[in-house]
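What follows is one chain in structure tokens, specifically the form predicted alone.
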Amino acid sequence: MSALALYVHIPFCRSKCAYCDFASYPHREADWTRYFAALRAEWRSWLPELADREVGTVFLGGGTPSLVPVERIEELLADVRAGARLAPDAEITMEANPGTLTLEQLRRCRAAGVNRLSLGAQALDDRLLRRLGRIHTADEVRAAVWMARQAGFDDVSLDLMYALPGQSCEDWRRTLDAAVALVPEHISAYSLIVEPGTPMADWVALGRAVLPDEDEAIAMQREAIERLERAGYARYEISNFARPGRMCRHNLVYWQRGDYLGIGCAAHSLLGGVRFENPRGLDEYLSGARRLNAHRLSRAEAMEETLMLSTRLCCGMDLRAYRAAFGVDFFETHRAALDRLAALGLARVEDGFLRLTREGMEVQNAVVLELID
């Protein structure tokens, strides 16, 4: 049985960013102790069902996991290690806001087992950071990377966003160049999505924030691909780039439809073909609600999800694995659509894989719709 990916949601943050639609809760420090007690209890409740599973990756996401006292991270990871078979080479990631870090904190997290740090930089431009409502500066991003190295981290990832209000292509080039100069092992570069109900959505609707148009956004994506690949970062997923051997193994489990368990409020899971979730609300989670909306995926749903997720990856969809899983030859059943996509320069079948071209990845959703039965 393949290794399990464990996601832990830590929903606390210092303030809500203008674009954020995640389950995150500022000014709830009074609930930190109760929440971590609930997290650890939820984890222990799963142990009888995980007796034969090895945990290959752990991802502490949020929110801002680096905001909480480091003792909470130490205790939580000690519980994970004590309760499950953690792979000897387990990837253990912690998300962090550059404005919340200290060297001592990072040293303790590293000693506790965190071996991959994902920094939510978003931009290395103070004007744009202020517009997004981020609490850090570009210099604090640089300082965070320096502290991470001093603390012993040899796997650092930077999150960057493009198509921001008021951002030009030249602004984006400067952010990319500044990020590369920090020599992280991994970079995620993705487009801003304006979610309904966020302050950013209101600003756009009122004309207070003007977004780059679609052509400008595509130009920024292409700029990221070219500059990052030139700097030695291989693109392995639509929005993700890594140095050799530094792909995010945890996220690969999601894209390859492996088993993952999510604990904490708003955490989602997929175990044995069954999808379920915890409540989004912090208070509902603290009241004891767990494992909601359980749904066993139908064969058709699993096939569609496999197509949708695997075509995000540059390696593409393994047609042999697809046939073994579903008893269907995808190439034969979709030959006409695949021929049309190939003629348009959007997809190709080679070496037993269906892969999207660079142009195909720019319109991945449309390509998937063309191939859905």
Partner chain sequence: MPNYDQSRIRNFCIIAHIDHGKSTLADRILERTGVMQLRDMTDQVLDSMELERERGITIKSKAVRMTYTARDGQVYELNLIDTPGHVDFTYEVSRALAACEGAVLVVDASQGIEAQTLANVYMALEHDLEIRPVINKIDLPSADPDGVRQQIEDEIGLDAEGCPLISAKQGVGIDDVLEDIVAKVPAPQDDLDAPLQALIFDSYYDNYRGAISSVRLKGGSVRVGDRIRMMSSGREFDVTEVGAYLPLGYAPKEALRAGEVGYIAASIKDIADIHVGDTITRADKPAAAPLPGYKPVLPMVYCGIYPADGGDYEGLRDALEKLRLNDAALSFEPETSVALGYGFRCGFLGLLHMEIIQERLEREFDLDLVTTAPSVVYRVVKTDGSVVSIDNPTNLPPVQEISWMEEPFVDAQVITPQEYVGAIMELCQDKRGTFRDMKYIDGGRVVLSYDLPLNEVIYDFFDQLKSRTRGYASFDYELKGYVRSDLVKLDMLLNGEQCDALSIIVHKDRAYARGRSIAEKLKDAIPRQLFEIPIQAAIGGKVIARETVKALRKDVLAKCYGGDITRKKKLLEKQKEGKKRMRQVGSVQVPSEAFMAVLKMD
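Nothing here was measured: the structure is a model prediction, and the numbers come from that model. Residue numbers count along the first chain shown, from 1.
This next part talks about the form predicted in complex with the partner chain, which is not shown.
Q: With heavy atoms only and a cut-off of 4.5 Å, decide whether G56 touches the partner chain in the predicted complex.
A: Taking the distances in the predicted complex, the answer for G56 is no, it never comes within 4.5 Å of the partner chain.
Q: In the predicted complex, does G316 come within 4.5 Å of the partner chain, counting heavy atoms only?
A: Looking in the predicted complex, residue contacts with the partner chain do not include G316, since no heavy atom lies within 4.5 Å.
Q: My question is simply whether R312 lines the interface with the partner chain in the predicted complex - judged by any non-hydrogen atom within 4.5 Å.
A: R312 belongs to the contact set for the partner chain.
Q: Do E304 and the partner chain come within 4.5 Å of each other in the predicted complex, heavy atoms counted?
A: Taking the distances in the predicted complex, the answer for E304 is yes, it comes within 4.5 Å of the partner chain.
Q: If you check in the predicted complex, do D21, S191 and L297 all have a non-hydrogen atom within 4.5 Å of the partner chain?
A: Yes, because D21, S191 and L297 each have a heavy atom that approaches the partner chain to within 4.5 Å in the predicted complex.
Q: Among the candidate stretches 209 to 217, 170 to 178, 150 to 158, 109 to 117, which one is within 4.5 Å of the partner chain in the predicted complex when only heavy atoms are counted?
A: Result for this chain: 209 to 217.
Q: Within 4.5 Å of the partner chain in the predicted complex, heavy atoms considered, which of C17, V349, M361, C13?
A: It is M361.
Q: To verify the annotation, which of these, E185, E140, D259, E95, has a non-hydrogen atom within 4.5 Å of the partner chain in the predicted complex?
A: Exactly one residue meets the criterion: E95.
Q: Sequence order please: the residues of 138 to 153 with a heavy atom within 4.5 Å of the partner chain in the predicted complex.
A: Heavy-atom contacts within 4.5 Å come from no residue here.
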